[in-house]
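Below, in structure tokens: the form predicted alone, a single chain.
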Amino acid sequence: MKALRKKVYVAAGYNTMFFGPGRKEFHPKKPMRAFEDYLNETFQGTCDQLVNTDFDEGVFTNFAAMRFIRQGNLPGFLPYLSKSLKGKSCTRVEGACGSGGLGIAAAVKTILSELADSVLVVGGEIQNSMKSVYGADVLSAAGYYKGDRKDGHAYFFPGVFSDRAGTYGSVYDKDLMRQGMAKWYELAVTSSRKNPKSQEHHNSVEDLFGLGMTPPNGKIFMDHLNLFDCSKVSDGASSLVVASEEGLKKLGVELEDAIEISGFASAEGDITEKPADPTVLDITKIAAEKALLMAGITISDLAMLELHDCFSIAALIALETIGFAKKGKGAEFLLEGNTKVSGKIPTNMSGGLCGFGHPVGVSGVRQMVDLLHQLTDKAEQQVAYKNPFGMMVCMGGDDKTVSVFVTRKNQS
């Protein structure tokens, strides 16, 4: 992979609170914040970090607003937010849970094409507009609906990853797998407690590991996953700016307040195919290898990781697939503390999808905002790092739409 032909930066990131079950304010029968409220908050949060807010283009990332809130034509919300975008190019990007990553990739490509010097990227999603079982049907569209939905579980995607966990447990140590997944839940909530905006921020359970060890029960939920292995139903929004060096100057952003995209890759799988080996994330592997190659580094150069943990088993398999742990050893890697703030590769320091929340079309943008905060030393749970590189992995569906980014701290 060739290195980027010019420098591309990310700046002015802002996340709203991710709202839903788990937050003490949540009540399913009480009125909730509107879509526009989340968008206005994140946009204002981004603008507050800029001197000039005249953007060249806009990208909106979302998965299923057409079904969750019956709203289409989402690019039209970008000029609503920023009057500077009226009459300019605005695009909506959708790739299921990978929508945010695809949106950032689209913005990076626009900067590289020199058609724009600054691109506003906004992700917004509302999912608590319907009961979870109905929402599960909406989310099943991230898979092959015609081919797999009818025979799938009522909670479709938990069923898909439960099957992955079942295969993994039959090939490797099932008990150790369960311990690793419980540790992932414990770490996600522990990080979320340090992040006031996270959905699990108010979780006060003392024995998180014990709760994560709850035996799965297929009669109640899934054969190989319990409820604590799953990211929650969430509402929220995130935004940031992708810019050239000239774009940063126009917006009034200092280099030390931005991070550089050193390498990135998007990779796509065949949505009609089931995984050849459920214990591996093949498309994630391809995207990660390409992004690292473009950046000219290896995983040993990374100081931090933002991993797409829609389910704890997905995180465990991703750690092995990318190469942080050997095959079958992901649970041991976690149990040894390697992903903690003081570990070899601090991961998901604001809680990740399992802790912060997972408004599906937003998560990729949120992940990049958190890398920005870490590498500009503004994070709630700050990593003490020597190497200047971070990585984010954003996955849509069952390892079908994947974007990986390698980011770099701007050196003074």
Partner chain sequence: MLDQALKNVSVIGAAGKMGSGISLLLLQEMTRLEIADNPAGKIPDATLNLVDRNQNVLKGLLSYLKPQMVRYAEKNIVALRANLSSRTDLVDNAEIIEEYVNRALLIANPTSNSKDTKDSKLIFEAVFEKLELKEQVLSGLADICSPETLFFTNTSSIPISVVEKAAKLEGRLIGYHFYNPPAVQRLVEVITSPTTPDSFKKLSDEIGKRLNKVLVPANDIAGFIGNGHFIRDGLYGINQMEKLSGELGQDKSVLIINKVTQDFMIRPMGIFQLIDYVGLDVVQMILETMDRYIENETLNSQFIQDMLQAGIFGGQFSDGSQKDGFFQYQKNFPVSVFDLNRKTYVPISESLNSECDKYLGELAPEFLPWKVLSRDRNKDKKMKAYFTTLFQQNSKGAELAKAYLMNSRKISENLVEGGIAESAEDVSKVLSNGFYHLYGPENSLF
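Positions refer to the first chain, counted from 1. Just so we're clear, the structure is a prediction, and the values are computed from it rather than from any experiment.
Not pictured, yet referred to below: the form predicted together with the partner chain.
> Pick from 137, 223, 301, 268: which residue has any heavy atom within 4.5 angstroms of the partner chain in the predicted complex?
Flagged contact: 137.
> Though the partner chain is not shown, can you say which of 115, 154, 335, 255 has a heavy atom within 4.5 Å of it in the predicted complex?
Going through each option in turn, the one that passes is 154.
> Would residue 86 count as touching the partner chain in the predicted complex under a 4.5 Å heavy atom rule?
Residue 86: no contact with the partner chain in the predicted complex.
> At the 4.5 Å heavy atom threshold, is residue 80 in contact with the partner chain in the predicted complex?
Residue 80: no contact with the partner chain in the predicted complex.
> Is residue 373 close to the partner chain in the predicted complex, meaning a heavy atom pair under 4.5 Å apart or at it?
Flag for residue 373 set to no.
> Can any non-hydrogen atom of residue 149 be found within 4.5 angstroms of the partner chain in the predicted complex?
Flag for residue 149 set to yes.
> Report whether all of 26, 34 and 197 sit within 4.5 Å of the partner chain in the predicted complex, measuring from non-hydrogen atoms.
Judged in the predicted complex, none of 26, 34 and 197 sits within 4.5 Å of the partner chain.
> Name the stretch: of 308-316, 234-242, 176-184, 125-133, exactly one has residues whose heavy atoms fall within 4.5 Å of the partner chain in the predicted complex.
The contacting stretch is 125-133.
> So which residues in 63-86, when you check the partner chain in the predicted complex, have a heavy atom no farther than 4.5 Å from it?
Just 67.
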